[in-house]
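Presented as structure tokens, the chain that follows is alone, the form predicted on its own.
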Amino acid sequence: MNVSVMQENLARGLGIVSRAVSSRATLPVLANVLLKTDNNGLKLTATNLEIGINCWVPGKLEGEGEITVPAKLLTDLVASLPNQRIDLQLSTKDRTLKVTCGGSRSSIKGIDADEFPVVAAIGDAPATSVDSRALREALGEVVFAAATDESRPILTGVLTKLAGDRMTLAAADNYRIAVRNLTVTQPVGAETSIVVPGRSYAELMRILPDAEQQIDITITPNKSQVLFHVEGIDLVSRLIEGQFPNYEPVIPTAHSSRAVVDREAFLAGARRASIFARDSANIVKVEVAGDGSSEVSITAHAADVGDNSDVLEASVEGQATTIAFNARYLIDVLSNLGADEAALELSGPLAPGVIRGIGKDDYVHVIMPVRTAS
């Protein structure tokens, strides 16, 4: 292998695939990145066996070959080099990659590419395509709600349903549900449901370009893997087996009180209350005044610390209601909601609360209340 690439292109490619490098590799080769000449350039690949990322770096080829080298070592080295041409030359005899840039010369010992797990592109035609920017925004409003507790693996994933021209993303743990709908640019034939690990979607969000590009979504026939392809980048993820809980009956269809509040003000109040709630099981109370008023208050009280109260301007409809939430769940949704105003819909102190974005009919978030002594 003898290939020349620009430092900024190689650094960008390594930054992308490094997201898939195993941090606690049981196999030494999983801490490596695979370098392989491909399609008039250099193909970089990394995997942690749950996700794999391919990234193509444009370059000039003078010889073919492949090798795996420690990902962190190569990434740190390339980042330290000037923005000039980098020459990569593989010595197959001693499995050494020689890196030359200007007056800098380095040699990195590698592991044979044969020992690297296969991260193959999925050959079937894409199931659908969707705008990259729209998908990234939608994932940002849903992924945080997936469970992190591995005791119920299915809840660590995000249900992804494709039907007609609609894509539905849903995540839930035992205390909240987030559901987002978006329109795909390529309608699907048969309705399909898969569960993608939340961690995989989190990594996809980081590598998706903030531009109007199409991302192709391909699912293997046995529904064991999904591939997301955007120009120059593949992300392949395993899928979670099992039946995702039927969340739809849990989403309230009516409410007895509704308050529309400025999202930033609501978020700021929740954050201040959470400072005091740390010593009281992270509980904050939200009080919606009844018809005729224009206030919502958010309070927290810790017996040995003190208390905090914020009164927010709001547009209120319906009955007066007081409800308690875990502060973290309230902050999570308000931090990620893509709207200037948030609507809080309640049906009493023990019924699930619903948060929607004003002007966003495609999103709903449900938070379970916390029982309190008073």
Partner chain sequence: MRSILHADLDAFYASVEILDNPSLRDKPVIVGGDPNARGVVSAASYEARKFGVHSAMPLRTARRLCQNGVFLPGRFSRYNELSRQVMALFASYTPLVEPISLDEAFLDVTASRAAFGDGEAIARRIKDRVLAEIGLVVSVGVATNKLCAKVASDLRKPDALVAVPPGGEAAFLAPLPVTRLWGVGPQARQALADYGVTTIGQLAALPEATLRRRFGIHGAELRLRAQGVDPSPVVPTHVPKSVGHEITFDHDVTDPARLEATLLDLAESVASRLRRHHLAAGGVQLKLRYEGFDTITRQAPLGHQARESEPMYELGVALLRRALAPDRAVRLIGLTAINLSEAQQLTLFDAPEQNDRITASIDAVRKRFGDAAITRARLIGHRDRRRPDFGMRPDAPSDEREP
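Residue numbers count along the first chain shown, from 1. Quantities reported herein were computed from a predicted structural model and do not represent experimental measurements.
Another form, the form predicted together with its partner chain, is not on view; read the next lines as being about it.
Listed residues A268, A163, V250, M205 were compared with its partner chain in the model of the complex; V250 is the one with a heavy atom within 4.5 Å. Shown here without its partner, the chain carries D149, R152 and R371, all of which come within 4.5 Å of its partner chain in the model of the complex through at least one heavy atom. None of the heavy atoms of I108 is located within 4.5 Å of its partner chain in the model of the complex. For the chain shown alone, N174 is a contact residue for its partner chain in the model of the complex, at least one non-hydrogen atom being within 4.5 angstroms. Put simply, P245 is close to its partner chain in the model of the complex: some heavy atom of it is within 4.5 Å. Though the partner is left out of this view, I283 does reach within 4.5 Å of its partner chain in the model of the complex, counting heavy atoms only. Exactly one of the stretches 176-184, 72-80, 286-294, 235-243 approaches its partner chain in the model of the complex with heavy atoms within 4.5 Å, and it is 176-184.
Contacts between 309-344 and its partner chain, taken as any heavy atom within 4.5 Å in the model of the complex, involve N326, R328, Y329.
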